[in-house]
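To begin, one chain is listed below as structure tokens, in the form predicted on its own.
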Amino acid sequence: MKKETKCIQAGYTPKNGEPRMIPIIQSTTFKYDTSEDMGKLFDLEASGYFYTRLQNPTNDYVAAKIAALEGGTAAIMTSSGQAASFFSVFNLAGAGDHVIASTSIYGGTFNLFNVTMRKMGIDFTFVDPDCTDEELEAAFKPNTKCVFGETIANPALIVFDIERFAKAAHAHGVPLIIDNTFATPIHCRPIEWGADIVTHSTTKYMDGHDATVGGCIVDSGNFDWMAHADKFPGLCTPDDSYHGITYAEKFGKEGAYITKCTAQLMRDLGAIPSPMNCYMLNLGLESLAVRMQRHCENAQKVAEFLNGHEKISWVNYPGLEGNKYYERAKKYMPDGTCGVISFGVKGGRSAAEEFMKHLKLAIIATHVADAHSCVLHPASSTHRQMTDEELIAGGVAPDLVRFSVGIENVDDIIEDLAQALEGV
């Protein structure tokens, strides 16, 4: 099936007389006839459900759809994109380990890595996504467990060179994790370029309607954990907390990573989405392909309008010819990138804030990447915990305005921007 068809059909196939839409299994518990039957589930000898804190059928239907869209072998839903980012790394790295991450990642993810996970004893080295090969090579350490980047950085809109970082990671025997939230599998499938694990904040384009918070982790099934068993004892040695199972031996490359994530992290931390939220997310997924096309068409026209406006100092959008990442975007995302634009208003921070006050259609909101046009000044909101030096290193200028172009009529969006700029 093509990606547009997978948005509708993948993940759940009803049998004769069963509901066409995925059922909402709004239950915490599941009944079994004997203790032996349930014991097989706890021993991972049989598939099934016993407690929604670990797994739920509704959630798994949606996870299967996203895995199909990304070309992965297994996936797990999480309660938020932040939980997905945390689980994806923590499933591999613990106290005393080291992780390499791009400097240009979402501010919340940067804080998660640089502050919270450091407190857990995990060391992080942040590298410029455009660093030299020598600088990238120097970042690796003997205890490095993975490399993390974003397909399109939020909000810097830097396009990550997935293939290059994948080769470097694999040369050191570690997987590459890619946050593919902004591009979505409609416009980029990182696994095809060498990524091993893909994460999403499904709260954004996948949901698309400001309705549900959620996240997802997809495993490519390609990374050979046993070939690097000394680096990944959590996957390649018996898990005493789960009946002595060795995940990489029992579930192979295709299932070890997600099974461990479920049996360990979801069991202990419980960052599971509600079945109702996954049901609503699935409604968004069904229209993802058509919405992404509209987002990109609108964003291209808006970027061209802003690029020619006298009160705009700069525009950053990978779809604009002349953009630093235009050619790289064409390589990884030939059918379009995303609907998010960043730009600066002449006059700096104060002018940007004044411009935002005059907007009528676009709302000021921390959210991004959904059907409604919205705007944000990251330096005073999502990235306010970062210093000016960290902002600049992450590609987020203090005057940067992030504009998430919705799927309204593009003429109305441009008219709103034009009247707001008149007020500056």
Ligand SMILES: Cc1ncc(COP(=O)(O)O)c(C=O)c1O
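Position 1 is the first residue in the sequence shown; the rest follow in order. Just so it is clear, the structure is predicted and the values come from calculations on it, not from any experiment.
This next part talks about the form predicted in complex with the named molecule, which is not shown.
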| Candidate stretches 329-337, 233-241, 79-87, 343-351, one within 4.5 Å of the named molecule in the predicted complex by heavy atom | 79-87
| message | Contact with the named molecule in the predicted complex for residue 179, defined as at least one heavy atom pair within 4.5 Å: yes or no? | response | yes
| query | Does any heavy atom of residue 203 come within 4.5 Å of a heavy atom of the named molecule in the predicted complex? | reply | yes
| said: Residue-level contact is defined here as any heavy atom of the residue lying within 4.5 Å of the named molecule in the predicted complex; does residue 106 satisfy this criterion? | reply: yes
| field | Contact flag, residue 219 vs the named molecule in the predicted complex, heavy atom cut 4.5 Å | value | no
| said: Exactly one residue in 280, 136, 213, 226 has a non-hydrogen atom within 4.5 Å of the named molecule in the predicted complex; which is it? | reply: 213
| Within 129-156, which residues have a heavy atom closer than or equal to 4.5 Å from the named molecule in the predicted complex? | 150, 154
